[in-house]
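Here we start with a single chain on its own, the form predicted on its own, put down as structure tokens.
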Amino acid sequence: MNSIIDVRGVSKAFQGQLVLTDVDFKVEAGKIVGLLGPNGAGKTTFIRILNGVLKADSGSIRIMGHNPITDGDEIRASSGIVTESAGLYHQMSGRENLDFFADLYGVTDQNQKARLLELFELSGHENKPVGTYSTGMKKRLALCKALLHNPKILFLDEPTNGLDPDGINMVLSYLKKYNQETKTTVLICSHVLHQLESICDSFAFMENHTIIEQGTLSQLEQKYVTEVIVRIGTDLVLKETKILGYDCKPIVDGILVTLPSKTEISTLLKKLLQQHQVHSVEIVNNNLESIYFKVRERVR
């Protein structure tokens, strides 16, 4: 695997209080990775260490082959970051903000700002003071700012906080589109799992100041989903707790059936359809959130 981020055994404490403990973490170049966990798990501290803003107490880190302790400037020159606070100047216009940060980054491509404003649908708003922007517009402008210098890695710390559902979907869809077009590696920190399920290539779960598991959704499902719970919309009215030998229970407009594997679903449906109508079928325990709680159960 071509790891653009390679972390081994990293720990960090503040005044004797452990914030990170023996963290191992890898990110493949060009992928979107979700770093997920509850507030206080250590996600923001970890991002700051990766950027060289904070120094780890122990362990080794390589970002694009660089050591954050000795090569922090090189890492920051090739990475972009968006924190929970957008880090914009509200009295300045969107265009003036981008002009200011373009000068800081040494961006000479005069068309880059226009491309980003168009990509994030801010064209037509660039001359308005940022203080008049909606929360979603500020988030999108912060992404423009972070991408001005075409970074190889984009670090996002709770990028959807404060957004309504439409704003969340908009920001995440822009990120996915940008990643597909540029192959920029994206690391997204969040405590809201379901938001990231559709855009991330893999996930790392952070709990108790360390990473307890990492992998693609398929890999995590194979490891942690030992039985399949299927919601079936049907006209069948249950009279017992088993159907065709499988454990089941009634729900509104259907049943929940527990199966030993996915391969049993077609067998169950064929038999069920012989006498009853089936209008929907959904596996309910293989989504990201369900797997996360399975992982937490195993490590406790």
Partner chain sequence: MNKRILKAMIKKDLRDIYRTNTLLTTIIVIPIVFSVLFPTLLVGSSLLFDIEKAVGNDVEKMLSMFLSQTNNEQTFTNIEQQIVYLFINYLLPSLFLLVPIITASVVAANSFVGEKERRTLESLLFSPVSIKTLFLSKTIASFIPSLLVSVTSFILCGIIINGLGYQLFGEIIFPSSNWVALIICLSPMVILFTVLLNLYISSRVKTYQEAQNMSGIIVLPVIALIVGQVSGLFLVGAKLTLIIAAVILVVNVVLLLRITKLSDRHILFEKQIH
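The shown structure was predicted, so the numbers you read here are calculated from the model rather than taken from an experiment. For clarity, a rigid core is taken as the largest C-alpha set superposing within 1.5 Å between two forms. Numbering follows the first chain given and starts at 1.
The protein also exists as the form predicted in complex with its partner chain; that form is not presented, and the subsequent description refers to it.
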{"query": "4.5 Å heavy atom contact, Ala114 and its partner chain in the model of the complex", "finding": "no"}
{"query": "Its partner chain contact at Arg76 in the model of the complex, heavy atom, 4.5 Å", "finding": "yes"}
{"query": "4.5 Å heavy atom contact, Arg48 to its partner chain in the model of the complex", "finding": "yes"}
{"query": "In the model of the complex, Gly87 touching its partner chain (heavy atom, 4.5 Å)", "finding": "yes"}
{"query": "Per-stretch contact check against its partner chain in the model of the complex, the hit in 207-215, 99-107, 222-230, 117-125 (non-hydrogen atom, 4.5 angstroms)", "finding": "99-107"}
{"query": "Residue among Leu273, Leu244, Ala29, Ile69 with a heavy atom within 4.5 Å of its partner chain in the model of the complex", "finding": "Ile69"}
{"query": "Residue among Leu54, Leu268, Ile255, Met64 with a heavy atom within 4.5 Å of its partner chain in the model of the complex", "finding": "Leu54"}
{"query": "Partner contacts in the model of the complex for 124-156 (non-hydrogen atom within 4.5 angstroms of its partner chain)", "finding": "Lys145"}
{"query": "Rigid core fit then Asn127 CA moved by 2 Å or more between this form and the one not shown", "finding": "yes"}
